[in-house]
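So this first bit is one chain, no partners, the form predicted on its own, shown in structure tokens.
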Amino acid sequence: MDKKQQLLNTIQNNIKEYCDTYFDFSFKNENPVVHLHEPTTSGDEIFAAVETMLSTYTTMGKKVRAFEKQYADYAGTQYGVMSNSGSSANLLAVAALANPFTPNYLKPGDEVIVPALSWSTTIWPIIQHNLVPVIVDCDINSFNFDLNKLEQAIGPRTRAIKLVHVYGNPCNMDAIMSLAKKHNLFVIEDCCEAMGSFYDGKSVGSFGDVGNFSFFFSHHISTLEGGISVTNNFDLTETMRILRAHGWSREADEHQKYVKMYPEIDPRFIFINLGYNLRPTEVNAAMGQLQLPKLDALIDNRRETANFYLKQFAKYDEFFQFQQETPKGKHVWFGFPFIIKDNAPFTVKEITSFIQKNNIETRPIIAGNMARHPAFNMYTHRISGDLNNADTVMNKGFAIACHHAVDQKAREYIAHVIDQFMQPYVTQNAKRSAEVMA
């Protein structure tokens, strides 16, 4: 064994020892804390990152390409284009569909239907490309598009639907793809919260023209930062690769075509389109290659936790409403959301303050109703119909942890804390019922 390999082995062993000693994210009775998210990475991924950095080959290259294929295979698509975030994946998808390289591309003023219950960078790329977002309400049970309102929103300038599989609950893709076919619309799937989610046995992200995923720390697996766009369209893939890196042809599969077309230009720097710099690194890809095989087991734990919550809190169905898994869908539970019903004698602030005082983190459900955020006052958009359900989610909703590291002790602690909060209200309700019966 040469000196280099000896040093790498020492580094790997030291990282493993460190992680074995300090990477314990299980619940501790003596220090009860439940964070919204915990790391999915272990010593193996950290060593892969360090080894890649030590190689000095860190700029997007072979490892990125290998991970793109690995993820596309998992998603059941032909192609994958990795980027530096899920937000960048959303940007690339819109940019490619709004680019003259794409047949019948989206043009300024065209409308793209988006869900009110979504995230900022689901919608900003639409505005950034001078397209008009048309905001549609959610269904209060699935939290995804209200399908009736979605169809009503389609108008003469509608060119695309950009959907979100909210909290990992797959949309009804039969209905949405049927609408898209009927009206000749592009479909972009924002799957940033839905990695590993399936509808009718098929991965989300593989139904529409392009699907986008996130590898941010808080998501189902992590590459530190990172995202990926998957598609079965080769030309769209090439356009995203070109747009991802400056607009040059260097990473395109058909790079040699452009070399022959422009022999007078240095082949390393042929700029054939507009572009950004949204490249991931080899470090991100090296981690992703080890993270992806763990995804299904991580999701199993999330689903187990969600089922525990649903059974545990069913006794409070007078006060809470819970997200319902889409028929034919596999929900992967980015978090566990609560909606407080109108008749509840407490507010979101009251229950979340109590929960948080007991060291259980909470958060809003995505960003609530995006149409209510001040940024929309500055940009052209259209609201189709009422947004009552998205308003309800924003004003009456919150979420708690449902990640891979929520073990049985953590579940029971959360249940105990919520039971403590609910006890006075359950007692009052029982007393009122007894008085009525009397």
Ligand SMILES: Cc1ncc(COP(=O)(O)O)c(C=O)c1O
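All figures in this text were calculated on a predicted structure; none of them were measured in a lab. The first residue of the sequence shown is number 1, and the count goes up from there.
Not pictured, yet referred to below: the form predicted together with the named molecule.
Of the listed positions (334, 338, 71, 143), a single one reaches within 4.5 angstroms of the named molecule by any non-hydrogen atom in the predicted complex, namely 334. Think of it this way: in the predicted complex, the named molecule has a heavy atom of just one of 86, 125, 288, 208 within 4.5 Å, and the residue is 86. Under a 4.5 angstroms non-hydrogen atom cutoff, the named molecule in the predicted complex lacks residue 186 among its neighbouring residues.
Of the heavy atoms in residue 223, none are within 4.5 Å of the named molecule in the predicted complex. In the predicted complex, at least one heavy atom of residue 121 sits within 4.5 Å of a heavy atom of the named molecule. In the predicted complex, the named molecule sits within 4.5 Å of a heavy atom belonging to residue 90. With the named molecule left out of view, the stretch that reaches within 4.5 Å of it through heavy atoms in the predicted complex is, among 293-301, 274-282, 353-361, 214-222, 214-222. Heavy atoms closer than or equal to 4.5 Å to the named molecule in the predicted complex belong, across 189-203, to the residues 190, 192, 193, ordered by sequence position.
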